[in-house]
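Given next, in structure tokens, is a single chain: the form predicted alone.
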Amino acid sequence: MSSLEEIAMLLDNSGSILLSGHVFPDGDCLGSVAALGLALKKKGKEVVMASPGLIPGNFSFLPVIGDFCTEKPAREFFDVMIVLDCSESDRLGNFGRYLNQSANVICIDHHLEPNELGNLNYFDSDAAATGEIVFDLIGLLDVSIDPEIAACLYTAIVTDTGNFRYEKTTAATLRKGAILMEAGIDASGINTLLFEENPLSAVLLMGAAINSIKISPGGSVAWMVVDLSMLARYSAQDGDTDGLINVARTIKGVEISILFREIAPGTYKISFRSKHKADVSLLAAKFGGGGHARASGCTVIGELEEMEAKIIKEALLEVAKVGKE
């Protein structure tokens, strides 16, 4: 694995840089890309910030979100491509081809068991968010954190830590948050925009998803379904499903919560969350996915009832394992 110092040195000596997040971008993905993009622009670099997936509307407040490229960039080749919050080429959408059209590829991620996607890779599964790693990298680039960069980094960190609630949140994470607040951001305002300004479509979709909740005998596993018909009924977007899985997770006695979200006919993006001990990254891996011990996911094609039965069975086995510890 490369060091952040090596990555900073390469970026210092590069001119054109493409930064890309992943499909179905979240706050950590978008905030990290935007923060590093702003920092590199301050150093005079030619920067393209890319998103291979539709950007959810609740991130429209980010300073440079309107500059994100979602189609083909004007430049065909880059000195460096930086992949953030992702180490899987198939999650880069139409920007995956630039892995072969860049002189160097850097991959920065905080998920468990990442792939070495670039010729320089930096992974830290102890980091609460990719935004934490980008915070450190910006320091090595000798770029001062202004209010715009701070707002992007804060968004990255606060979303992936569940508002500083999840177990990966450390004293160092909180110190970074304090530094970002001292840079002049309106943390309270950002929190409101992220967590308390949902479109009506998202609220209506939440109601339908809650009505779909099923709970296993014994109450240790809860799951819900959002299919394409529900999205169409409420004119909802993909971003309107953010946070839904945590509703089931809050049910007393539930150890694992699962969201089955249909992203194309017969294709489901499945998200897993655990509350205490169950390692849902092991559960996701059984179906070709991965992630963190407390938050992971996979994509499965097939009949909903059949996949539900298989996945719930495996989830119950994971709960049983930790119950024996």
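Just count from 1 along the sequence shown to find any residue number. Remember, it's a predicted structure, so these values are computed and weren't measured experimentally.
This protein has a second form, the form predicted in complex with guanosine-5'-monophosphate, left out of what is shown; the following refers to that one.
Only one of Lys168, Arg249, Arg91, Lys176 comes within 4.5 Å of guanosine-5'-monophosphate in the model of the complex through a heavy atom, and that residue is Arg91. Using a 4.5 angstroms threshold between heavy atoms, Thr299 counts as touching guanosine-5'-monophosphate in the model of the complex. Contact between Gly290 and guanosine-5'-monophosphate in the model of the complex is found at the 4.5 Å heavy atom cutoff. In the model of the complex, none of the heavy atoms of Ile65 sits within 4.5 Å of a heavy atom of guanosine-5'-monophosphate.
Of the heavy atoms in Ala295, some are within 4.5 Å of guanosine-5'-monophosphate in the model of the complex. Only one of 65 to 73, 51 to 59, 35 to 43, 266 to 274 lies within 4.5 Å of guanosine-5'-monophosphate in the model of the complex by heavy atoms, and it is 266 to 274.
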